[in-house]
Ligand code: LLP
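Taking the form predicted alone, here's one chain by itself in structure tokens.
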Amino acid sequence: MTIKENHLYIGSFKASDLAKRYGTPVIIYDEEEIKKQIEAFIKYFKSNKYQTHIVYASKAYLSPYICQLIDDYQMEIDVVSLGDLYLVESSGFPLSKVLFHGNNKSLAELEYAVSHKVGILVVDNYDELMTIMELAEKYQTVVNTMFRINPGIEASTHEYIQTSLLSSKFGESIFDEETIDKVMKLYEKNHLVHLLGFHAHIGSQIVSEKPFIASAKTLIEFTKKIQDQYNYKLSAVNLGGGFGIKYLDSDEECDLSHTLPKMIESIDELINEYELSISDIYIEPGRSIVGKAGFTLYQAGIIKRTYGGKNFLFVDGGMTDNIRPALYQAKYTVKIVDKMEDEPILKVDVVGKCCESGDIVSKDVMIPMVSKGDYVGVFVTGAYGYAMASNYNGALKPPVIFVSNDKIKVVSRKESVKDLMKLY
């Protein structure tokens, strides 16, 4: 993105021209920014002692085109549902490079994963493991798994995105020795279902390396303990994702060039200390790959000044294309894309058109004087915007376009009113 003569450009295209061409709302991705983030992970998360795996956490944003892009870099993808599996497979991405997550996978999902030879199943609990073993026997196929544990490490993020607290719904606690013992005894007796190692994800929007290093230490110590106790050789450790990005100028973000080498250094030391033969280390970035690359364009309606003195800037989208402010009180940078360098003089809440008081795009933002019809840019919406979009109030999902220098790729078209009837 660049600013030329007060206008926002993405590649060689003026943002407002893209809004006119594709309508609003429209979600635009800077493809070069996505590639830059991928290349940073590849550059900084590497070791000469074991294989490093960068697994794209597709819940941030999933489409056939992003699958192709991830495949171009020979990365892996993680998914969480049958729909994800079907979309990834239909895009041509090899299921052998897929990690399948989820805390309540259905029998249909597990059967699809086993019968289609998904690369790794990340097991959430004892009951799920028993089902996987029954399916492996039914199909007489080897199934590689990781088992999700809950290390009890607190990350300083919103409570809804802390995933390793002892009260979390994900995984089994490392302190629940009885359940872990039952799990390991199942693995010991089964010749088809293999345990590669343990997985943990401690939360999202983490900006310091310290929680990641603490998680690595806990997982590697736990791996050593289980390997010794059960004489079961483990080869992998999966540290999950959660690398924080900047939404506002005042935010901190995770410095990949600092954090990733620090993680590698710590892992190297721990593996040497415990004399483990770990061959594969996994991380699962999602938001940190696509978040900053995406932004949403809306068209401004009127500004309403309430009797109570509040200014509302109405836009033609809202919680149906970005639910995060309603869910997490997320905040965003907002600009008028043809007045990028004008002085901000007006404080407004940017709000959508849904019949909900919580339909807020961004609160208390300063903008220049805006007119009806101006185009409003909301930045860093590339993760969990389109992925969580809905048809609430009959809203139509926006188009998604990728821009790479002077090229435009329509990745998904705008939903039509006829599309709304396809399930009825």
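Start at 1 with the first residue shown and count on from there. The shown structure was predicted, so the numbers you read here are calculated from the model rather than taken from an experiment.
One more form of this protein, predicted together with this ligand, exists but is not displayed; see below.
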Note: this ligand not shown here; in the predicted complex, the stretch from 184-192, 108-116, 277-285, 125-133 having heavy atoms within 4.5 Å of it is 277-285
Among 204, 259, 150, 320, just one has a heavy atom within 4.5 Å of this ligand in the predicted complex, namely 204
Residue within 4.5 Å of this ligand in the predicted complex by heavy atom, from 328, 139, 222, 312, is 328
Can you work out whether residue 101 and this ligand are in contact in the predicted complex, taking contact to mean some heavy atom pair no more than 4.5 Å apart? yes
Is residue 241 near this ligand? Define near as a heavy atom within 4.5 Å, in the predicted complex. yes
Close approach of residue 53 to this ligand in the predicted complex, 4.5 Å, heavy atom: no
In the predicted complex, does residue 246 come within 4.5 Å of this ligand, counting heavy atoms only? no
Is it true that 78, 324 and 388 each have at least one non-hydrogen atom within 4.5 Å of this ligand in the predicted complex? yes
Using a 4.5 Å cut-off on any heavy atom, which residues of 44-71 would contact this ligand in the predicted complex? 57, 59
